[in-house]
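One chain comes next, on its own, written out as structure tokens in the form predicted on its own.
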């Protein structure tokens, strides 16, 4: 497969240009672009530039309000409610992140519920920002139906990612990012775009049978990690991200991929912990003791370490995308709505 190399600045500029000419404000386009390129750099291509065609189409059609300005609409103690206003999730989560970083030192534990939202991409991206402010972060998000209840055959829940981040003394934050399907649905979408097959065990077709065809998988359901236990975790995340925020459930939300239909209206829950009050300021030392015990065993590594290597490589060499995707992006750049 032929590929194209883009510098990080080229990738960001191209993303912004495409979004702006498809009815997205410059401020929102920059927010979205930063998140997509960060995912691409980290090796999470299903949340990277492959999302641009569907994002642009949805902004152009109005399914996503590219001009939306997220707002904090309610406060209660350590909790805030953020209306993403039917726009992209990234500006709303940036607003929530900034607010929690200010609130946390005085509150200890703070949380933001986001509703009227959209695909929030690489979940770890959002909690890593909290960890950079010295906070432990947790995020839960729901998405359009892709996973059936255990024992069922019809999708009810999304792949419902969760992520955790913790600040470290002299190292980048520890980030753990998990989709609760066996793999992120974005990987299936990427395989569908490139014409690749997917491994058996990732998904079922619309008839409930195992499939290696990504197009059939997108029309069917994803399998949860951990089987019945994973399906229970998916339910938990659906409650925290959608019921708690009064957002749409996965079975009520429209597709993240197509320009037709109403806004998805999904939700996210972002939680920040100031570690000092819980640990008498001993958290950093205790965390390093634990991580040292992990790394002292031969063959071990910490979750998320590959992303750090990917970042250094991308800084030096840029990012590699398929020629097919590059041609698609260049066409979008030439066809403003």
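Keep in mind the model is a prediction, meaning the values are calculated, not measured. Rigid core (definition): largest C-alpha set, two forms, superposition within 1.5 Å. Residue numbers count along the first chain shown, from 1.
Absent from the display: the form predicted together with a further copy of the same chain. The rest refers to it.
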Review point. Can you pick the stretch from 274-282, 55-63, 308-316, 36-44 whose heavy atoms fall within 4.5 Å of a further copy of the same chain in the predicted complex?
Key: 274-282
Study note, to complete from the structure: The one option of 230, 259, 210, 172 with any heavy atom within 4.5 Å of a further copy of the same chain in the predicted complex is 230
**Study point:** One residue of 218, 95, 191, 80 in contact with a further copy of the same chain, assessed in the predicted complex (non-hydrogen atom, 4.5 angstroms)
**Key:** 80
Practice item. With heavy atoms only and a cut-off of 4.5 Å, decide whether residue 26 touches a further copy of the same chain in the predicted complex. Key: no
Check your understanding: Is residue 68 close to a further copy of the same chain in the predicted complex, meaning a heavy atom pair under 4.5 Å apart or at it?
Key -> no
Review point. Heavy atom to heavy atom, is residue 30 within 4.5 Å of a further copy of the same chain in the predicted complex?
Key: no
Review point. Is there a non-hydrogen atom of residue 91 within 4.5 angstroms of a non-hydrogen atom of a further copy of the same chain in the predicted complex?
Key: no
**Study point:** Candidate spot 235, 240 and 303, all three touching a further copy of the same chain in the predicted complex (heavy atom, 4.5 Å)
**Key:** yes
Point to revise | Within 4.5 Å of a further copy of the same chain in the predicted complex: residues from 11-37 (heavy atom criterion) | key: none
Point to revise | Rigid core fit then residue 200 CA moved by 2 Å or more between this form and the one not shown | key: yes
